[in-house]
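One chain is shown next in structure tokens, namely the form predicted on its own.
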């Protein structure tokens, strides 16, 4: 019997754990799930005879190493900054590892050691990163195989609320780590290349520079730039491509309202607010508005946002003008206070369903003809536990785990899913689970 150790039983682990348990009888697996909250691990296992719930400090090597030593495969669903320490233990103990997170420089540096240990450390095997890589590479490899040359590649992905559960003016609820949403785009300028011109968007302008697109059957979306598009030229073998851009999707008018948070300073995480435990949402937002006697907070806010009624309505719905409840958070940043307000309004209800949307746009040349190919995927979650985000993050990792354990995938070293031997079987099984891409192709004119 082979043992799988899953470290972390949070929101994105639900579908992963379910898949592993459903296949455990067929393939003779034992699935050990560890989380600080053992009741959470127990709920995810849901009484399955091949599942074991554990609770220990997975951040401590002395506690996790004995579990890694008896495992055939480890799947780390910890925050990304902890993967490298787990990977070092896996190398020492010659145990394969899967993570859904981006490959950090520190993880990349372990490539040779992983190869010497004869193990694979598969990273970026979730949705974004993950399904984005696999679906893009399938098309890029196909265009190359038929003699075409890619001129432009734009890719967008967003975790959103499904239309049937969309009941607020922001058209958004959290399906991922709320803190990551609040801090999105900070740290460096978004960088990309367009028609061979390098472009940069500073954080202060990020949410006012958007792209608009339509997905058949699902209406309009807007996208803002991700921080780093340029590194994907090398990853995808498109080093000389004139245009490459990656972005995040939201519904129309979300970005202009989020930009108000940015311009007011509410997303700043660099300092702590004095007496923050005494602030209500109303006094919190007033902290960032000018002092004006005899002018209401509402009027000062309207002036600050240029008297945009849509933005005002969105802030009002979030309760920013409510003075009745003190948030009670001591020694916290503006970003942390903002997160607290948003979580109270943007958490999925038990009956809610989420939606994952991915959109690729390719422009390429073949036999002297210019072509445009749009590839898109829309997936609706099952409920507030087996969300689309959980399915699209967890299923690729789970399928990859099956391939490693069944020895149908035998690569070693620090990897991501960009080769056909990885992406073809995973994309095929994802289709069987309702995660399907549709394509539209058009004649196209572009600057060449």
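It should be emphasised that the depicted structure is a prediction, and the values quoted were computed from it without experimental measurement. Positions refer to the first chain, counted from 1.
One more form of this protein should be noted, the form predicted together with a further copy of the same chain, which is absent from this view; the next part is about it.
- With a further copy of the same chain omitted here, the record of contacts in the model of the complex names 289-297 of 289-297, 357-365, 78-86, 159-167, defined by a heavy atom within 4.5 Å.
- The candidate spot formed by 205, 264 and 274 is fully in contact with a further copy of the same chain in the model of the complex: every one of the three has a heavy atom within 4.5 Å.
- Only one of the listed residues (112, 228, 195, 310) places a non-hydrogen atom within 4.5 angstroms of a further copy of the same chain in the model of the complex, and that residue is 195.
- None of 199, 251, 138, 302 but one reaches within 4.5 angstroms of a further copy of the same chain in the model of the complex through a heavy atom, and that residue is 199.
- With a 4.5 Å cutoff on heavy atoms, residue 324 does not count as touching a further copy of the same chain in the model of the complex; it lies far away.
- At least one heavy atom of residue 268 is located within 4.5 Å of a further copy of the same chain in the model of the complex.
- Contact annotation for residue 209: at least one heavy atom lies within 4.5 Å of a further copy of the same chain in the model of the complex.
- Looking at residue 341, you'd find every heavy atom of it more than 4.5 angstroms from a further copy of the same chain in the model of the complex.
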